[in-house]
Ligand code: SAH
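A single chain, nothing else alongside it, follows as structure tokens in the form predicted alone.
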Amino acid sequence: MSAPITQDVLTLPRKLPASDKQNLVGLTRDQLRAALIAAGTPEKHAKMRVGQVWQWVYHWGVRDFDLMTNLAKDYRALLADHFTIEIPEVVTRQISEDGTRKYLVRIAGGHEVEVVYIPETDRGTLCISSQVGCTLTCTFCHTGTQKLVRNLTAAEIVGQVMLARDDLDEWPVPGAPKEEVRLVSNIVLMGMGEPLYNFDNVRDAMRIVMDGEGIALGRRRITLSTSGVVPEIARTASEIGCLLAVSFHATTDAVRDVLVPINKRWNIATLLDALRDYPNLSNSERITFEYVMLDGVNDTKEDAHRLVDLLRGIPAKVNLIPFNEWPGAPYKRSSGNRIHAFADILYHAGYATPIRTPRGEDIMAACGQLKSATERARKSKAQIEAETARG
């Protein structure tokens, strides 16, 4: 399972108070090595110790240093004196009629984000957040109505994966037969926030998730969704290597400027040029274009034909997303007939065009519906106060 017990000659710094202990979750291997050495681990043993601790935390899901049984007792005590292993707190868990799970998660500072697990017959997809709120103001997205509070740390991003594995009881058990079925088999960075506006933390978190001695999800099991932060798109390929999805949603700049205001900074032509240059782009690693279907806004046959023209030369698939309505939303969902007519045009042009089945709508867990409960409560209170003032 891990290297045999060895004895270290330790240089012991003072024991830290609980508030000063460093969280090991979210540290890269290099950062973990530096932290262990600073706490008293001899340099000659640091690489081995990193491997051991890494495996306990990310492969076995252990949070108690005393359970790391291939480490000597005095070394376990050293770790406990200087470090913690902490993940975000699950405040509430809701389970939809279709089996979708939505977690309201509290992070440092009392802020909250939402995480969604979607079980399917051949996979289990975890939708994770990268920011509290969102810096963008996409008009069809409920999350976009919540202002950005802050970026999530790498620990808070990795912690979302770990808490889902906790809830699904997916951590392996030492000595038990190996189970190949993964409940969390895929990750999509499609929750709250724009991942490419929090690039460094997202990159470090995904490298931890992909590490073969821990959670060990392959890079093609991870999809990052961006609204079009053009300068960071090439870095996504070179520094993370995951699959890319683009929140596209319109075929003219005039419409996309309204739906996805970042388009005013990097318009459709600029975005598509960056995507054509995306490293590793091929028929086996296509870019996914997400296209929410809004009644009378972007769902005409003319829009479909324009989309075909725009995508020419880009290995792509198009996910058509029936609009998931939320209280006060300014749009309506396109009719089934319009969605299917749109899909047929793309399909006959040679593009895979799945129509996404809304999941978790009854618990506001569907695409574009995520918003922290505290923000909903604040908004409701503000509305009540405004109504009282008007009365």
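In this text, residue numbers run from 1 along the sequence as written. All of these numbers come straight from a predicted model, not from anything done at the bench.
Below: the form predicted in complex with S-adenosyl-L-homocysteine, not depicted.
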(message) The chain here is shown without S-adenosyl-L-homocysteine. Which stretch in 102 to 110, 303 to 311, 234 to 242, 219 to 227 comes within 4.5 angstroms of it in the model of the complex, by heavy atom distance?
(response) 219 to 227
(message) Please determine whether Asp98 contacts S-adenosyl-L-homocysteine in the model of the complex, using a 4.5 Å cut-off between heavy atoms.
(response) no
(message) Taking S-adenosyl-L-homocysteine as it sits in the model of the complex, is Trp326 in contact with it (heavy atom to heavy atom, 4.5 Å or less)?
(response) yes
(request) Using a 4.5 Å heavy atom cut-off, state whether Ile87 contacts S-adenosyl-L-homocysteine in the model of the complex. (result) no
(message) Although the partner isn't part of this model, could you tell me whether Ser247 comes within 4.5 Å of S-adenosyl-L-homocysteine in the model of the complex, counting any heavy atom of the residue?
(response) yes
(request) Have a look at Leu79, Val297, Met190, Val209 for me and say which one sits with a heavy atom within 4.5 Å of S-adenosyl-L-homocysteine in the model of the complex. (result) Met190
(request) Heavy atom within 4.5 Å of S-adenosyl-L-homocysteine in the model of the complex: which of Tyr117, Tyr75, Phe140, Phe83 fits that? Just give me the one. (result) Phe140
(request) Taking only heavy atoms into account, state which residues of 305 to 322 are within 4.5 Å of S-adenosyl-L-homocysteine in the model of the complex, ordered by sequence. (result) Ile321, Pro322
